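Heads up, the chain below is alone and in the form predicted on its own; it's given as structure tokens.
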């Protein structure tokens, strides 16, 4: 197969005359699913636009995998509806929903080569052997495994096996791609590489995709929109930038990225006083009466820190994160905060060093003391 990857994707996945992306709109509408007395899905509604990749993120047991399985038809809903292309498919069996699925377990057939694994779904659809092999070869080229077409799963690395699983899911030309923790069994470097590869292929093919993960970095880096779930509910959905910088509630603020919570006091003028310094609030945060006791949530990068023999903070530990050094600092009042600074500037600040720490505004989120 020749041509650019985009040309290959266009050949492999039909588009309309205007070249529009092939993806379809997908909806979960007021979905409810109980396991005993526990609501795994609590009136969950989610819409994924054509060609969009939405990542669902949340702690274990939050309902994100149940949502994916409901979309796939692998979980029977106790209430609500699943729609694909504006058609109610709630009672439609999985094999008729035009889906491709990739899970954490590769589930490759050990006695089949890579190319035969990719072509398995086509064989079930009675595609002729020559056409099946040609298409499977094209998909292996798309995922960068042409040279491994004749190898068996035990002869492939974990990352290569997952690429085969992805190619197999795409071979049947699904309208929707479902990815359930597809990278969690891989080591960090391979996981990052394959994550980028999945995103590249998804964008070029233009397939509507739901990606479920517990990994924050994965979700933030791969998604068009990120949904954060807890207790079967969608707490917030938005672009990764929106969710990270403007969380909708304290749970989202605390779950996505690192955050420190400090006691503060609301003061006049749309400000809050924290660590003896006044910082401005965003208009939507200015909802507390002056004098109200609040908790102020700040990211590690929202502090100014410097070595200071007279400083009231003491560095408890350091974490080297490449260009950034993360410091855990103890402050008066049994308050501990995480602060970040450029690693090049942190050489003289070791564990036990005295530092000055100043908060920078606006805060990530502000809650009343009784709400935290």
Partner chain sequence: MRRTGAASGQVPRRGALRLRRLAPFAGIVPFLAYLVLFLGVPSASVVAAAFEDPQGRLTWGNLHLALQGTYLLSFEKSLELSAWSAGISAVAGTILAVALASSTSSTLKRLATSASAVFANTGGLPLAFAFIASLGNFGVVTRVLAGLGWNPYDHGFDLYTLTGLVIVYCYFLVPLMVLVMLPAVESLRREWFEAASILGARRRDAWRHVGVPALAPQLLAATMVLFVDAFAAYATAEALTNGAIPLVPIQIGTLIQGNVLAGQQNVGDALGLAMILVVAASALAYARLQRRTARWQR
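Positions refer to the first chain, counted from 1. Note that the rigid core is defined as the largest set of C-alphas that superpose within 1.5 Å between two forms. The shown structure was predicted, so the numbers you read here are calculated from the model rather than taken from an experiment.
The following text describes the form predicted in complex with the partner chain, which does not appear among the structures shown.
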Checklist outcome for this item: Assert contact residue (the partner chain, in the predicted complex, non-hydrogen atom within 4.5 Å, options 223, 84, 101, 115) equals 101
Checklist entry - 239, 94, 292, 258: which sits within 4.5 Å of the partner chain in the predicted complex by any heavy atom? => result 94
Checklist entry - Would residue 277 sit within 4.5 Å of the partner chain in the predicted complex, counting heavy atoms only? => result no
Checklist entry - Is residue 251 one of the residues lying within 4.5 Å of the partner chain in the predicted complex, judged by heavy atom distances? => result no
Next on the checklist: So in the predicted complex, is the partner chain close enough to residue 152 to count as touching (4.5 Å, heavy atoms)?
Outcome noted: yes
Next on the checklist: Test of understanding: in the predicted complex, would residue 163 fall inside 4.5 Å of the partner chain by heavy atoms?
Outcome noted: no
Checklist entry - Any idea which of 259-267, 298-306, 277-285, 122-130 reaches within 4.5 Å of the partner chain in the predicted complex, heavy atoms considered? => result 122-130
Checklist entry - in the predicted complex, which residues of 170-188 put a heavy atom within 4.5 Å of the partner chain? => result 172
Item to check | Yes/no, residue 220 Cα shift of 2 Å or more between this form and the one not shown with rigid core fixed | outcome: no
Checklist entry - Cα of residue 113 displaced 2 Å or more between this form and the one not shown, core superposed? => result yes
